[in-house]
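What follows is one chain in structure tokens, specifically the form predicted on its own.
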């Protein structure tokens, strides 16, 4: 890496929701930014934890028995195997870190294709 990555600039290059964009890779993981709004599908990741860091807005991470609310600058890691769905009442900007190739829905057949910005 020779230059800093400007996450706000990367987020300004797209407007669609629930379509993560890879901004860097390290240790076989993708570092991604994504814009979200509304309710995502209930899903789980059997083989990996799910990392969320809120860059802008307020995100609810609903699990079957509890809801965790994240505000700007806060993060949460959903343990592998735990069913969850992110919910954003207004547009939220997130930083995600996942092993390269992890489907965002937990299912490769229904996952959003990976894009790079």
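Positions refer to the first chain, counted from 1. For clarity, every value in this text was computed on a predicted model and none was experimentally measured.
We do not show the form predicted together with a further copy of the same chain, though everything after this point is about it.
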Give a yes/no on whether residue 116 approaches a further copy of the same chain to within 4.5 Å in the predicted complex, heavy atoms considered. no
Would residue 99 sit within 4.5 Å of a further copy of the same chain in the predicted complex, counting heavy atoms only? yes
is_contact(residue 40, a further copy of the same chain) in the predicted complex, heavy atom dist at most 4.5 Å: no
In the predicted complex, is there a heavy atom of a further copy of the same chain that lies within 4.5 Å of any heavy atom of residue 73, even though the partner is absent here? yes
Using a 4.5 Å heavy atom cutoff, which residues in 59-80 contact a further copy of the same chain in the predicted complex? It's fine if the answer is none. 63, 65, 66, 68, 69, 70, 73, 74, 75, 76, 77
